[in-house]
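Before any questions on binding or motion, here is one chain by itself as structure tokens, the form predicted on its own.
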């Protein structure tokens, strides 16, 4: 049955940092694309009025992408503002009045999870929850128990099919392109399994620190901040089986099936690190044991991936900013043609900042008795600016009722189940120098056969195909 489109967007946290950096630019782009024609009601406790909210939105657009005069003019006409405390019934009475004739609003919670309960309770009491959708920003809990409690709060007022848990990373076009690449190329299905893949590693690196967000990061850490959500989302897209149908539930079923096949991560397969200088960041506890880097190994006990180790590495203040996946294929048998074969074929996905696919081959020696040479065939491109606006996609999909890109309750709880034991364990946090690939203890504990692949700072500018004459 076709879902009704939301006829209003109620935006809790409208004066916050996320709104300023991401949401207002996305709303303008949605207006420009004809995807937003309904009222947008900002809600916050800032002592502001509508003119001040519009001023904040305009400043946001000037600093994050620029103002499109026609679209900004239309967006201004859609903006409303309600100022008040989230625990005060008068705030939600004002929201109800601002909604007017809207019967299917979307409530977007860009606020701390600690406030969810108050907001949901007041939405119900004021009648604002009837026929509505709930859009929720991550982090969705900080462990399994808290995620279950948040789900209980949301389900007290909303059915699961009306709840949209955002991980905007999943809406980025490079991540979607990876799924398309897998299932639209028949050669991939023949190779993409335990018979041919020896190991897979995922590196999500940032070459900067916490950038003034010390208080937030010190309550979160690398595992909660990116591994449990961004990395797992990428991984499930990478390894899931093809869904039986192209609807949102069939696709999400396959992702959950991947997580269910992953045992909890053992502390013996984990190394946590902290870059030197982190303790000097504002908002960070002087004796903090929060990790800014994590390297871990996991397995997927499924028919397709049994016996294939998956290595994950994520952190801040590393040599580059990039998200890259490397799958090493098993070596061919030793023959007269490969008497001392040392080169492994690999498939490399690069998802950011550029999009790239690289396939390595072993080239014949140029002279008799010489060693074979590894070469890589690479296709890459820089995404167009509009392809990077993930919030345009997730907000538009949520308001349209398309849940494909959103985490379902069982997905969220399975992801926390996998990481919960290592979050609760008192494992050491090793120091590492900024600009390096983490602490030296990684090589002694969590190291793929053949070593870690180090993503480069930049891919080629355009498509490059190596001529066979070069071999």
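This structure is a prediction, so every number in the text was calculated from the model and none was measured. Positions refer to the first chain, counted from 1.
A second form of this protein, the form predicted together with a small molecule, is not displayed here; the remarks below concern that form.
Stretch 222 to 230 is the contacting one of 222 to 230, 113 to 121, 268 to 276, 86 to 94, since its residues have non-hydrogen atoms within 4.5 Å of the small molecule in the predicted bound form. Within this chain, residue 183 is remote from the site of the small molecule in the predicted bound form, having no heavy atom within 4.5 Å.
The closest heavy atom approach of residue 204 to the small molecule in the predicted bound form falls within 4.5 Å. Proximity of residue 213 to the small molecule in the predicted bound form falls within the 4.5 Å heavy atom cutoff. Mapping the unseen interface onto this chain, residue 80 falls outside it, with no heavy atom inside 4.5 Å of the small molecule in the predicted bound form. Site annotation in the predicted bound form: the residue of 299, 138, 257, 142 reaching within 4.5 Å of the small molecule with a heavy atom is 138. Taking 165, 316, 107, 393 one by one, only a single residue has any non-hydrogen atom within 4.5 Å of the small molecule in the predicted bound form, and it is 316.
Here the marked residues 48, 72 and 74 all miss the small molecule in the predicted bound form; none has a heavy atom within 4.5 angstroms.
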